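Let's start with one chain on its own, the form predicted alone, as structure tokens.
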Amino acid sequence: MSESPVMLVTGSASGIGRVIAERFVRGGYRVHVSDVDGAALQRCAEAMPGISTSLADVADVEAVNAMFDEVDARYGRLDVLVNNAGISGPTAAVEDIQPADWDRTVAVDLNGQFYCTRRAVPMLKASGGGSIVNIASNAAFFGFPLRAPYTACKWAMIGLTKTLAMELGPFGVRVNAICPGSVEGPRIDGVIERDAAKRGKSPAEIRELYARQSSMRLFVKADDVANMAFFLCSSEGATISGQAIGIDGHTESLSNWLD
């Protein structure tokens, strides 16, 4: 390949997605970052000169189409798609979840991955192969009380990953899912605060419950996720496809959500 490979990572102006983008920049990729937060996107572009950006909501199919048109016009190829964009969804008993909140969670966490993947696949095939990495969750391995929309999407994501690995393998496209545990940062802090309020506990008590889910009693770092994504897309991961890879210190159970 005469030019550096190209990767697109969604929901990546901050948090895990930004760390993933930074890792691929260091790895020599030309990187396209998308997000719904214009101010965060601008800060990201200033911090990583040379990347390209799109302001896009992955739940909006037309916005996704415009984003991929931009990538195609700028680079003429795509080698890696990281489907990172996602939202936590409501924290509530199923009978208290509003349909609009369910629909929005599914729209971002599942439909958005489909919208991006369907546009990425022809470009990956034209590049002679590549990788798709779906950022799922260890919630895809267990039930997750009070988080029904989120959990349903993450389980569906694994089915999509397995199916696409079978469908795209003959074209040299690898598809994997990364399933982190609780990742340090503002997003999990918000989940903890909402869960604490719902169950009448302190955020510190809920944080300790989350840590107890892991054999290693830890929270994951965004760098752990980014490094795995890069490995899966590298030559070292050339035979890895169709896998749901836990990065969670070995989650034993989510039953203590009910403590």
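Sequential numbering from 1, following the sequence displayed. Just so it is clear, the structure is predicted and the values come from calculations on it, not from any experiment.
What follows is about the form predicted together with a small molecule, which we do not show.
Within 4.5 Å of some heavy atom of the small molecule in the predicted bound form lies at least one heavy atom of residue 14. For residue 181, a non-hydrogen atom is located within 4.5 Å of the small molecule in the predicted bound form, even though that partner is not displayed. In the predicted bound form, residue 188 approaches the small molecule with a heavy atom inside 4.5 Å. Contact between residue 228 and the small molecule in the predicted bound form is not found at the 4.5 Å heavy atom cutoff. Contact with the small molecule, judged by heavy atoms within 4.5 Å in the predicted bound form, is confined among 201-209, 44-52, 29-37, 228-236 to 29-37. Of the residues given (121, 85, 158, 146), 85 alone sits with a heavy atom within 4.5 Å of the small molecule in the predicted bound form.
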